[in-house]
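The form predicted on its own is given below as one chain in structure tokens.
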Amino acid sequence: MNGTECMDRLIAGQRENPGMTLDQAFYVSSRVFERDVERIFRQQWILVGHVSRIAGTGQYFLLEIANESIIVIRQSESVVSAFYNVCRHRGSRICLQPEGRRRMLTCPYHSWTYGLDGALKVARTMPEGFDPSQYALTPCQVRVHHGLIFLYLGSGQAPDFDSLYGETVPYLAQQGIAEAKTAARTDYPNAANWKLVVENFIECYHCAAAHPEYTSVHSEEKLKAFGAGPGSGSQEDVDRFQVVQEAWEQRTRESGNFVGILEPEHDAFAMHQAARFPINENGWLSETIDGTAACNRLMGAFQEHDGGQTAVSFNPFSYVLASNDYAVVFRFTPRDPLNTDIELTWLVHPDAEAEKDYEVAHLTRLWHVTTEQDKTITENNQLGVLSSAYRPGPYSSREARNIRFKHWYLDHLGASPGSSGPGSVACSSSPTG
């Protein structure tokens, strides 16, 4: 049986038990991981950061995803570009530091030098007839959406961005994401498969046991209904919370602020959604440990606190969660079958000043603590999944988004566009098989 047939068989087996977690192979196998990268991460727009991280011309940062390294760079005041971090001479990495600033991109191996537009400018002692125009850096497709930088790593036509994400505009515009600036950024290397990280993030079944700080911020009813966004709770819990939701929406509309819940069909290509909810009906101003404001400068169009939060999910690994006075950008990036990078970026009003308008520790505390707890949870989950005793278990009624994610994942994995061919996957569930 070749690799493609084996993967088809694995996928078919998961569909037979839609309410159960995935088999071990999907969380540990290197060949399944290769298919994940090819059929999912190369087919989706990936949120990689905010433009304020590269505010000046020549500033760059690296995106490390699977075996790829991508240079995301400010080419000019109005242009953000991205290139594979691979010299066109003999393939060396060009940028070796995770971020920095360059006037030109010079390879440290043989000094081939590229402009910020990726064009080859200097290549010493090349033979007669050498044409520099044929050796520009390999670009990635880039889209900046309200200050958020997205990359498409596929080789063909990218999905139409506006048709996918146009409906997120009112949420991001009201929040002022385009004009915001970075107040803090933290990496959380996670020794777990990317699907375990995602599955943990999109359910709040675990919140009461694992997140005392987070659960102290939100009411029990809200956590059951919308603790991990629309669709994460049972319909019964949603109906029970609806009175609170509708009352808050009425007050918020009267104050002139936008409200709404966007939840596309279950077969949506990107599994995207957006929503606004009350943080806590007991007077919480911001999603902070004690409910007090995180920043004295409100973002975007907000004139006063409305007690709400905004959540935007672009796909299962790209999120923005925001209060009136700050926002957090979440990025989950796969490195290999057993490791995922988690990056959180906190955004504030562009004129807000640290230690005057906000204290970084207060601004970041809730999601820093919660993410550290999630890191422990998912790493322990991965260790258990690696055991010979692991068997798929049943999802609860509060893990409805996990069931949807499973369907979404299998649909993408089973699609056939691919550059994958026979031998690209295998039924082995070992970390290297």
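Numbering starts at 1 and follows the sequence shown. Quick caveat, the model's predicted, so the values are computed rather than measured.
Another form, the form predicted in complex with a further copy of the same chain, is not on view; read the next lines as being about it.
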property: a further copy of the same chain contact at Ala119 in the predicted bound form, heavy atom, 4.5 Å; result: no
property: Contact test in the predicted bound form: Glu203 vs a further copy of the same chain, heavy atoms, 4.5 Å; result: yes
property: Contact label in the predicted bound form: Val37 to a further copy of the same chain, heavy atom within 4.5 Å; result: no
property: 4.5 Å heavy atom contact, Leu383 to a further copy of the same chain in the predicted bound form; result: yes
property: Selected contact from Arg53, Arg42, Lys406, Lys375, since only one has a non-hydrogen atom within 4.5 angstroms of a further copy of the same chain in the predicted bound form; result: Arg42
property: Residue (of Thr292, Ser111, Ser216, Gln242) lying close to a further copy of the same chain in the predicted bound form, criterion heavy atoms within 4.5 Å; result: Ser111
property: Among 93-101, 303-311, 185-193, 354-362, the region lying within 4.5 Å of a further copy of the same chain in the predicted bound form by heavy atom distance; result: 93-101
property: Whether Glu199, Ala389 and Ser396 all lie within 4.5 angstroms of a further copy of the same chain in the predicted bound form by heavy atom; result: yes
property: Stretch 9-26 - residues with a heavy atom within 4.5 Å of a further copy of the same chain in the predicted bound form; result: Met20, Thr21
